[in-house]
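As a starting point, one isolated chain is supplied in structure tokens, in the form predicted on its own.
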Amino acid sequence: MKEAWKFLWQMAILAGLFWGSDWVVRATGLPMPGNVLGIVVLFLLLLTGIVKEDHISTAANFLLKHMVFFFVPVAVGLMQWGGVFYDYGWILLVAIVVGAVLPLLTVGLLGRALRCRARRREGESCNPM
């Protein structure tokens, strides 16, 4: 019984963060979704130690474990857009592939350049390729 109350309390903390952040976004007109602001606020609260990891870990693990179920309505909704996928499928596919590959290449090349820079500072040689 104690675990159930702990879980409900942790869910209330996460829901309160979401609703509070959503309210702030609506009240101030910030150009971001309320859930994104909630994640930023939760990150800052965890970083400062105001909220400890064990204050939300049970509920967060539950939500992460069952995250796939939250995408079911989105997937069902996409089925109504079959005509759009039929007409613009190749363009969408290219956009998805470029959108996935470009950040990977950018981060990889940046990581390699930073590693080479650190080695050069230490006096070691670095082969960029």
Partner chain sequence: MQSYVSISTVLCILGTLLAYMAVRALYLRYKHPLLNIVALGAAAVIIVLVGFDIPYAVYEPASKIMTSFIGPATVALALPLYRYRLVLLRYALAIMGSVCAGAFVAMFSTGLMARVGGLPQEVVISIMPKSVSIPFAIEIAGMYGGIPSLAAAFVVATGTLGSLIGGWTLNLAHVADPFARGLALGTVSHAQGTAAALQEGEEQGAMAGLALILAGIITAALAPFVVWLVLRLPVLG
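Remember, it's a predicted structure, so these values are computed and weren't measured experimentally. Heads up, when I say rigid core I mean the largest set of C-alphas that superpose within 1.5 Å between the two forms. Numbering follows the first chain given and starts at 1.
Keep in mind the form predicted together with the partner chain is missing from the figure; the text below concerns it.
- Heavy atoms of Phe69 reach within 4.5 Å of the partner chain in the predicted bound form, making it an interface residue.
- Under a 4.5 angstroms non-hydrogen atom cutoff, the partner chain in the predicted bound form lacks Thr28 among its neighbouring residues.
- Although the partner is absent from this view, Leu110 contacts the partner chain in the predicted bound form, with a non-hydrogen atom inside 4.5 angstroms.
- With a 4.5 Å cutoff on heavy atoms, Ala118 counts as touching the partner chain in the predicted bound form.
- Residues are counted as partner-facing when one of their heavy atoms sits within 4.5 Å of the partner chain in the predicted bound form; in 62 to 83 these are Leu63, Leu64, Lys65, His66, Met67, Val68, Phe69, Phe70, Phe71, Val72, Pro73, Val74, Ala75, Val76, Gly77, Leu78, Met79, Gln80, Trp81, in sequence order.
- Taking the rigid core as fixed, one finds a CA shift for Cys116 of 2 Å or more between this form and the one not shown.
- The two forms, fitted on the rigid core, differ between this form and the one not shown by 2 Å or more at the CA of Val107.
- In contrast to the form presented, in the predicted bound form the C-alpha positions of Met67 and Val107 draw closer by 3 Å or more.
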